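Before any questions on binding or motion, here is one chain by itself as structure tokens, the form predicted alone.
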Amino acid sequence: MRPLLDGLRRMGRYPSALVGLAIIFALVGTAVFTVVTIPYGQALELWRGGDVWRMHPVNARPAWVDRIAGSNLPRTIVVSSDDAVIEEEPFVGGNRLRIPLEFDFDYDGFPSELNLFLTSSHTEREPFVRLTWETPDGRELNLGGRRPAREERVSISQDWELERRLGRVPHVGLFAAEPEGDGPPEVIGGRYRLVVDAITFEADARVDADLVVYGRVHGLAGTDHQRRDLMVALLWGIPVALAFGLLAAVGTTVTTLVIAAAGVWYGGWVDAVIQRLTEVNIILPMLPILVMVGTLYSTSIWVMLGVVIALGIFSAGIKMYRAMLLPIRESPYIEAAKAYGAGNARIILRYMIPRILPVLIPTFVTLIPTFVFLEASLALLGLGDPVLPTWGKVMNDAQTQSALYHGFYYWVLSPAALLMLTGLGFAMLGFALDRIFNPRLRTM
């Protein structure tokens, strides 16, 4: 192990190795932080989508993009009745509630959507709710009345009657000044209020309301078409990618090395069978086989990992390892080991394989991003694990929703940048290790 330790000590002389190590440590640290703060079960639930993301906008850009551009696009505003001063007026057999939902809107653009979530605690008779919108310039707009169920979403943005009255979509018309001519609408800044007048027909019934004014930017990574925060997928994509790449690299490298060493040591028909299996396996195309497995059997990431390792066992690396191990088999210390009675397994595992490990470390390091890219490619083709948030799945969703066509570049660039960063880190470290351990490239 002395050559290995000496080589690791020399690694500090290569800036590329230090940069690669810094990138890898940053990825590993982020992966550990992600697994601790967002447990596996919670990540699956978040990526499944649904009501958990109902307070997030659809297809919102990252907030930092807005800051770089110097604009002031709206952020999401949530106003809850829990924070409002509710006026109550009880009467026989019921109650009258007045819930003012106030908020300040000081942005340069219009919101992307407007929803009101109503929750009623009635048992038999539904309450009656009337909505009134008040603008900073003193206008009052009647948004109509309804009898909400126990839990109901009032999509103000999709109120076609209100759109007809305003002459434009409600989430623009409710925030716009009075139209003057045919020019584009201008947003009015200031304090807005949505007054929820509710009448309950049961004395102990209550009505709670949450007004959500959806913005056009959100968080560090933005959102997708299902309102999901892409930061969850970008963060959880790190441990998934590293685990897949590391397990596949270890599985294929270790098994291939042991099989090659066994073939060299035993020789004869054992070596011949291993070589023939390797030659057959070399001509098999891995990606089409994985596509076939994902289409006909399962897209589980663990099934794909098993197939990758199975196809990588008898890879072209066996022939390279065989060429390196043949001279070692004839070395004097191997004869000495046989003389004092060392068994075949001990000679293979203790005396042959460790001799070539330093030379194989660079190959192993650069093999990890290869499998990371393979997993992302499968997911991009629609064969990724449907329950796991991964970088490839994010890009597949972006492709399905024509993200680039609609200008949502962040949806594609964020996972692509992380893939490139991962490959860069391992490549810089692997190339530096190759110069350290490869005798033909060693410079010091």
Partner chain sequence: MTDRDGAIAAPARGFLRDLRRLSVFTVKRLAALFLTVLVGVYLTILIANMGGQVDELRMVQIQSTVAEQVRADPAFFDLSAQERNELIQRQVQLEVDRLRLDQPFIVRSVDYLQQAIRLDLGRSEHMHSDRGAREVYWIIVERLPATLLLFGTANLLVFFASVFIALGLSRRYGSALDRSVIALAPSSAAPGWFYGIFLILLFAFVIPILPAGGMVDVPPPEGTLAYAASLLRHMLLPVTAMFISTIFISIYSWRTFFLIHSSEDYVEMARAKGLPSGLIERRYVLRPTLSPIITSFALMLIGLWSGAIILEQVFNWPGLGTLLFQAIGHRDTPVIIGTVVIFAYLLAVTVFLLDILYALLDPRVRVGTG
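Residue numbers count along the first chain shown, from 1. Everything numeric here is computed off the predicted structure, so don't read it as measured data.
Although not depicted, the form predicted in complex with the partner chain is the subject of the following passage.
- When the partner chain is considered in the predicted bound form, residue 92 lies well away from it, no heavy atom lying within 4.5 Å.
- For residue 30, no non-hydrogen atom is located within 4.5 Å of the partner chain in the predicted bound form, even though that partner is not displayed.
- Among residues of the shown chain, residue 399 is one whose heavy atoms approach the partner chain to within 4.5 Å in the predicted bound form.
- For residue 18, no non-hydrogen atom is located within 4.5 Å of the partner chain in the predicted bound form, even though that partner is not displayed.
- Proximity to the partner chain in the predicted bound form, defined as a heavy atom within 4.5 Å, holds among 339, 272, 284, 220 only for 284.
- Proximity to the partner chain in the predicted bound form, taken as a non-hydrogen atom within 4.5 angstroms, holds for one residue of 85, 203, 316, 345, which is 316.
- Partner proximity in the predicted bound form, defined as non-hydrogen atoms within 4.5 angstroms of the partner chain, places exactly one of 203 to 211, 365 to 373, 98 to 106, 257 to 265 at the interface: 365 to 373.
- By the 4.5 Å heavy atom rule, the three marked residues 288, 405 and 434 all count as contacting the partner chain in the predicted bound form.
- For the partner-free chain shown, 288, 289, 291, 292, 293, 294, 295, 296, 297, 316 of 288 to 325 come within 4.5 angstroms of the partner chain in the predicted bound form, judged by any non-hydrogen atom.
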